[in-house]
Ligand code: TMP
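Shown below, as structure tokens, is a lone chain in the form predicted alone; questions about how it binds or moves come after it.
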């Protein structure tokens, strides 16, 4: 595995996390657009990725393929390793001077795979991945999230109220654990309207980057 200066991550790597339907994908896009409009070079990305490993994960999440939960945990870790260190990946972008905004990262695996197969394996698989500089964790009632998801044409296997409640609990447990290991995790009230959430995020992100919003 290549060796990089982790300060590159601390300074320019931002992750947005939350349960399904929390609004992370929308806000990652909006944040990327705002940063680019302000003159920043910015890579906007997501996990699972669109590479071949990520595509396999997506077929599993859609219910098209059936595998055991521990296999999914290994696949997410493999996808993340390629996302970080592969061609045109996160580290390459950071090294070029770009900001990187990712929709999900390590905390997502600790929450989702921690729920499906216990916390030990996901923690082991993800413990060597570097911390981002800033993680924004959305706090939204799972019932609100499920109501948002109902309008989607395609549903994923995790998109049930009972499961999302369990994932949210695991998010809290794992966020607490990562915070104790030095991760900077800020909470976002994702139950508000899109514009209000966007303002919350921009205020925190621009302060993190050392600029006025």
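Computed from a predicted model, the values in this text were never measured in an experiment. Numbering follows the first chain given and starts at 1.
Same protein, other form: the form predicted together with this ligand, not shown, and the subject of what follows.
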query	finding
Residues 47, 109 and 112 all lining this ligand in the model of the complex, heavy atom within 4.5 Å	yes
Option from 176-184, 140-148, 54-62, 32-40 whose residues, in the model of the complex, bring a heavy atom within 4.5 Å of this ligand	54-62
Residue 156, heavy atom within 4.5 angstroms of this ligand in the model of the complex	yes
In the model of the complex: members of 78-101 within 4.5 Å of this ligand, any heavy atom	80
